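Single chain ahead, by itself, as structure tokens, in the form predicted on its own.
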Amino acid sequence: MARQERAIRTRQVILEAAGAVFDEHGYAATTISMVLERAAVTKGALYFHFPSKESLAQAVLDEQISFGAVPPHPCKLQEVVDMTFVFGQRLLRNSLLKGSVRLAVDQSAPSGVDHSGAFRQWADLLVRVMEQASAQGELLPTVRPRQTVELLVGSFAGIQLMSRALTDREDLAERISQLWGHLLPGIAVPGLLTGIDREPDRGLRVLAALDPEATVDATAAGVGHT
């Protein structure tokens, strides 16, 4: 049991180190040696878990969806909004998530690394929640959940890339708020619009319910303030 726990911890250390290196250098410029140095593990330990750079990159990509987890909300549209804010907040400080996001749009990665997987998984997850919102009468009758979700996923990817380029993501929460300000009137029934919370600090407040200590640390460090 102790050996298994050590293996799990070692795998996580490698993933976090790889995420940081992929984020900083991109796929093509990243080497296994860089990851080994950052993770402070042996080559044997890394190859035990990941037989190639491609498999390591794929594992980093596959971690992305878990970072969008939020508490269930009676209003399913609010739940979708919360996912974007929480993901954006975590993106400010989580190296593994940063690396996963960069790999998702990094065209230098070989065909063996599935760039599209994260986009498809996000779309499938959000469609399920949007269909619940539709069943609860939260959506306008003209809304098609799959089309709306694909627009949302593409728009979110674009604004986070722009935010990174312009402010190193310091204004990402504000940009997410603006995105929803434009999208919600075309999605939600009018009676819901004033009740959906899309304030820029929404991510911090939702995370406080999940992990109060981490949120306090992030706030003390100035994370999430624009």
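On a predicted model such as this, the values are computed, not experimentally measured, just so you know. One-based numbering along the sequence shown.
The discussion below concerns the form predicted in complex with a further copy of the same chain, not included here.
- The listed set Ser66, Gln178, Ser52, Thr31 contains one residue whose heavy atoms approach a further copy of the same chain in the model of the complex to within 4.5 Å, identified as Gln178.
- Heavy atoms within 4.5 Å of a further copy of the same chain in the model of the complex belong, among the stretches 68-76, 81-89, 131-139, 107-115, to residues of 107-115.
- In the model of the complex, no heavy atom of Arg93 sits within 4.5 Å of a further copy of the same chain.
- Contact between Ala45 and a further copy of the same chain in the model of the complex is not found at the 4.5 Å heavy atom cutoff.
- At a distance threshold of 4.5 angstroms between non-hydrogen atoms, Val153 is in contact with a further copy of the same chain in the model of the complex.
- Interface membership of Ala157, defined by any non-hydrogen atom within 4.5 Å of a further copy of the same chain in the model of the complex, is confirmed.
- Residues Arg120, Gln147, Thr148, Glu150 are the members of 120-150 with a non-hydrogen atom no more than 4.5 angstroms from a further copy of the same chain in the model of the complex.
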